[in-house]
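Only one chain comes next, encoded as structure tokens, the form predicted on its own.
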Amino acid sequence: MSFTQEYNNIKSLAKDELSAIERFITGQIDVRESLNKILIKFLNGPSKRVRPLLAILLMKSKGETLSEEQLEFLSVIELIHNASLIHDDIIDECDIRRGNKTIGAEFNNKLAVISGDYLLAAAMEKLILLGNSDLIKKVIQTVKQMCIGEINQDFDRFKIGTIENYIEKTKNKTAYLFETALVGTAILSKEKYNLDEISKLGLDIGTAFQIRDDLINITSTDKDKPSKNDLKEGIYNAPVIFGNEKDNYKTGIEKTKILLNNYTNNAALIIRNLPENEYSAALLKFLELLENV
């Protein structure tokens, strides 16, 4: 069974919650009609919805029925993620995203930048309406860390750094938004959970997810995403760092897979402490999918 088939099986366990989140995501989009149509199409396009999915599975594994407040929060996470994708497409000069023209290709980069900013503002508005100051602080800090990750990456272009710096960048760019999705949903629960443990789970999964993405970028061709563009742009990730040479990255691929598996193994240790049910089993299955590069 392919990655997509296996992943869709996992998603089916959160079908109703993800449908509600998708309604929340597009509910407040209100700009000029031609852009409005494209933005809604972009937000409703084929998407893994991986961050909200993991949070839903975690809560359901603990016997929770997610509240509307929790689902609204997860729509905030998705809006932030999608805003970052629009900005990424401008930075990476991409014309295609999810099989469709990017907003920059459809209109222009100026409108694309503003569209990403608009989604971010819509996310902040939703977040404020939830009325939880701890959550507001956490999300704002995460957005700052995402920006810091991109800023540092740009300053470090064409430099082979250390694995420690790579992991720090990976957490900033990607893992903290995973962590915030899980921790934020737990904060909004009526139950009291070990937030430190949930935080570690989110960081481990998010880091593994980005390492896998970096491996795919350098080892395969995806028609909907640029291939080897990181190398061309001087962004040297784990395979290059382990190989210690930008033209000899193949020697670092196996070490990168070991690094990836270290993070999935750490996450699995936490998941195995959850109640045994189809939702915790789905979380473990997701980790297996991440390891299959």
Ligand code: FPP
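This is a predicted model, so every value here is computed, not measured. In case it trips you up, residue 1 is the first one in the sequence shown, and so on.
Not on display, but discussed next: the form predicted together with this ligand.
Only one segment in the set 101 to 109, 127 to 135, 188 to 196, 75 to 83 has residues whose heavy atoms sit within 4.5 Å of this ligand in the predicted complex; it is 75 to 83.
Of the listed positions (Cys147, Ile160, Ile163, Ile140), a single one reaches within 4.5 angstroms of this ligand by any non-hydrogen atom in the predicted complex, namely Cys147. When contacts are judged by a 4.5 Å heavy atom cut-off, Gln210 counts as touching this ligand in the predicted complex. The closest heavy atom approach of Leu120 to this ligand in the predicted complex falls within 4.5 Å. Residue contact check for Asp92: one or more of its heavy atoms lie within 4.5 Å of this ligand in the predicted complex.
Residue contact with this ligand in the predicted complex: Asp156 places no heavy atom within 4.5 Å of it. Residues in 41 to 66 all lack a heavy atom within 4.5 Å of this ligand in the predicted complex.
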